[in-house]
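The structure tokens that follow cover one protein chain in two forms, given apart as structure 1 and structure 2.
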Structure 1
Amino acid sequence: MKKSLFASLGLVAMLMATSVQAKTLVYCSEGSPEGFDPALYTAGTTFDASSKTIYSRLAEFENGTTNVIPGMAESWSSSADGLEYTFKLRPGVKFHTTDYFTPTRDMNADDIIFSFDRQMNEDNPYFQYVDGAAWEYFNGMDMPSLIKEIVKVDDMTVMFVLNKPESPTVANLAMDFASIFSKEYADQLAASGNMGDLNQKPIGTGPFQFVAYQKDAVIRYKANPSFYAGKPAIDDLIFAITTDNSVRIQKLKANECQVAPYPNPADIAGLQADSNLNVMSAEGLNVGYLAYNTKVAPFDNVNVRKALNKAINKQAILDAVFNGAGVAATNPIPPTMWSYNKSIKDDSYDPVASKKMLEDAGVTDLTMKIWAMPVARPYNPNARRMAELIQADFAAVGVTAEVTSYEWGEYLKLSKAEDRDGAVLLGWTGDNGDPDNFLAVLLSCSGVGGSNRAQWCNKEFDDLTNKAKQSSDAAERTELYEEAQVVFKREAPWATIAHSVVFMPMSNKVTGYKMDPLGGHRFEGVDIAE
């Protein structure tokens, strides 16, 4: 009896010692994930909880950069015509072993094909495995028209055959929607009639494996001991869902969590002064802009657009709207992005010159509308305030502006109209770190009436971006995009306003965290001091 008691006590002591040694990192996440299948959703909060933690992709963005590096594919090559991309898969990659799934084989070409086929093939049983599966990112990136077929060359080689050459293809395959799923697990779920579990009990090959989710409260993960890039340094990762910005900061200060994103700008100075905390910062991969409607007079006149650009006091906007957490934007792509043209000079703030330019263009007593978004976005935390500041700037050069707004869905819809009355405040956050994702999406002729809110179609610009999209030579692409930015600045379809700066407060015991320029939150390289 005594012996068994001592044995039990010994076991408890051993367990306690193990639990003491286990390193736990608590991340105060800003919201609940919509589900755990990243291909079904478009929200960054969902990606943080699913694709960034649980899954891997053929190619990955190097942590802290937008460089594309090998992931599930250890190498790749493209054909001379740019229509075929062949991926050589990494051998020995294991899917997670959990209490609800035990893989019997390593990752192979079947898993890669399944992960994409379910998003593009209406006959795949997983195409509509949950009600209203829309595969919005896959469609939004135009993948159905880009991918002709995906061919299994052998167990460890897959080939993507495209309908047209597209240079950002590999970067696209590093995006969250391209996360790799286990076909073996999906087949098991289909056989047991529990297909919906693919979105609730995820299995991936990523750095952390799913343990449990208590809706709107806590997500628990543990380190994947077989992660191909090495087991993460922390043993347990917990997402404590805390939606209020101020409460997140209080939790961080009370050490209830060790990393807390999106602080209120007003709290940043206090956080920086706290000796227990470390506040990291990085420029966001985004741009906030004011798009004129270049199809409507007098905004079809480049001199009028340039004159108005000169009337805007960007520094006042950075101070009042961004509380200093932003930098003035010169180009339509952020400075952290490759091919950013540093030689371009921004329009100087000069109300006197602005007024004269308007007079020279024969524009007097101009009245216009400024559309202000009804929601806060990283590239524009307070559009109404920004619109009011621009309104005052325009008033100073004799332009009467009226600030108008709509419900967000309506705003997005109405602002696309080619005959829209007024200039629109909007912005963009990059998806894949490729300039094409900004320049072609937001400013190409094919975007007129859609995502090109300036309704600006310039053949010279379009030719440059199209050529860049089809080239696989990085140096040539850089040159073409730099030139396209010169055309953009000369023609001024937008007033480029700002790029936000993202702050990330964390306990100073946290080491190895890198700011993701794409806006995600990744923990595979993170450690925490005892």
Structure 2
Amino acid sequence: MKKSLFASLGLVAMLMATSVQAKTLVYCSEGSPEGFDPALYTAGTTFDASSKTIYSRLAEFENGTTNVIPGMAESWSSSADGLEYTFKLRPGVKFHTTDYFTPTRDMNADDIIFSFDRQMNEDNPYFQYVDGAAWEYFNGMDMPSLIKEIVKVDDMTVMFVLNKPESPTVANLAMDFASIFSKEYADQLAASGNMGDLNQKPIGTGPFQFVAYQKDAVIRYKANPSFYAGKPAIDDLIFAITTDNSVRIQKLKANECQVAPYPNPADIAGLQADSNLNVMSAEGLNVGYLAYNTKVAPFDNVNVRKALNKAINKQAILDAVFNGAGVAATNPIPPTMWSYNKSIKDDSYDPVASKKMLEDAGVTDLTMKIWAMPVARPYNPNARRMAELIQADFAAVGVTAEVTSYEWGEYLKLSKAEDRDGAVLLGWTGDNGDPDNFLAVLLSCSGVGGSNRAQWCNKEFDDLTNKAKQSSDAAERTELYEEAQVVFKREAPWATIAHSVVFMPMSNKVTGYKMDPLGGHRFEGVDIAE
């Protein structure tokens, strides 16, 4: 009797064990990644597919906040003069084991140094390991002039020695470009002549391991069982690349995916009324803009730029593109960010004055291009529609504009060109909660030809933002950034368009998802009900 009972219980246990299926979450991504080395790029789409899933950093942003917490470094300290930052590394952090790489050691100081040296040292074999490698973020933040050297104190201690103090240093090292790579894996690829695989077959220490990528279709990941913060609850994570906003929502409603970002603003009310869905929302730490190429005539003339700004009917854009879920942008940083200059007045919508200013500047029969993004972004849910509205506004003042676009990766690449025609629609979501991340990255002289799509270099503006970075006094930094915004508005390298409210619809079976104020999509803390 007992033997029979135990046998029956054993059989039930076995059947239960075999019936347990792996938990799978499908995320309908809005676009394809440019690659899987986040240091090479600046697009949030790429970061979601690489740095947010596969990699870790010395410091991390606490999920759902801009608070900086320990990551691969369990602690850090800085010298009194702010020129030395010493990081004590977390022991036992393991790189991913895949069918193409098996690590022989844990993460150590060599990996930290390699991850940054390749972005700043022209003699590093990985400095130009892919065509056109520009380390856009690293250079846009002027890191080459900031970092004097990175010292290996011992296997588990590294010291960043700076040429000048920089207040947001630790927060900067929590950003996507600062993801840590395996030097052992890089050396293996170099020895085999397959260095490009660092960008195509990634190895990290993050919550999910890369499995496969079918271009423009699907990315597959699996949970990292050795993740230092604990194995994620999701066993299999799938990015189903779905560029059409409406199709993403159709897939969500059909449970073909469980999370679908960037819905059409007109669809929000219907999604909120669906009892099977949960629609999160938050005021975005973002800005959408139209960047003129200030190196190319007539956009090198500030009066022409300001005239075009006056031609743009922002309220019509907010109504038609954002469906009211946004506010007109005055400054290049959002109003929720500290140091926002509330005293600055926006360009008024005045087509009559716009036309006269163009005539006074000697500009007649102007023909230009307006670049429109092919994908939805949090700061611009429909760039094509926005471009068409601006096109009509410009026509009303005698300017003929052609709307043009490219595949997302090509769009980002070509829009950096210093001889680019016309004006490009783009935007930004903050990466570390600091004004420097907007003002210096997007508008500094060091960002020209990269993250500074306006190709605008203004010494007065640069001096103000550089001085602000070097100060540890919050009041002084605020005053300097407020002055920098005055210079920006006076010189008008952009037409500032809007700051949006971000909506995040998902299945109500999804738990643990937190909206990232920095705009990313993270799944290490997410679970899904069976």
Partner chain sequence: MLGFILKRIALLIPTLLGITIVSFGFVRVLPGDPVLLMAGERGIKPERYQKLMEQFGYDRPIWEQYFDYLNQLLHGNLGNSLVTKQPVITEFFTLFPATVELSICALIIAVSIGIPAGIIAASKRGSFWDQSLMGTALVGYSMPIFWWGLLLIIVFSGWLQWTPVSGRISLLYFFPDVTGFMLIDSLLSGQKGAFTSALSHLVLPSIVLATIPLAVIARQTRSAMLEVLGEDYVRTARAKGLSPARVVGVHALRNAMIPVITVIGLSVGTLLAGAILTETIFSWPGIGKWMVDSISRRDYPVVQSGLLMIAIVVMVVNLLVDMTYGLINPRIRHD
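The first residue in the sequence of structure 1 is number 1, and each one after it adds one. Here, rigid core means the biggest group of C-alpha atoms that superpose within 1.5 Å across both forms. Just so you know, these numbers come straight off a predicted model, no measurement behind them.
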Seminar exercise, completed: Structure holding the form predicted on its own is number 2
Problem set entry | Did residue 481 shift 2 Å or more between structure 1 and structure 2, C-alpha, core superposed | yes
For this session: State yes or no: after fitting on the rigid core, is the Cα displacement of residue 224 between structure 1 and structure 2 at least 2 Å?
Result: no
Exercise. Smaller rigid part versus larger: rotation angle between structure 1 and structure 2, in whole degrees?
Worked result: 38
Problem set entry | Core-referenced Cα shift (Å), residue 288, between structure 1 and structure 2 | 6.0
For this session: Enter the rigid core superposed C-alpha shift of residue 450 between structure 1 and structure 2, rounded to one decimal in Å.
Result: 12.3
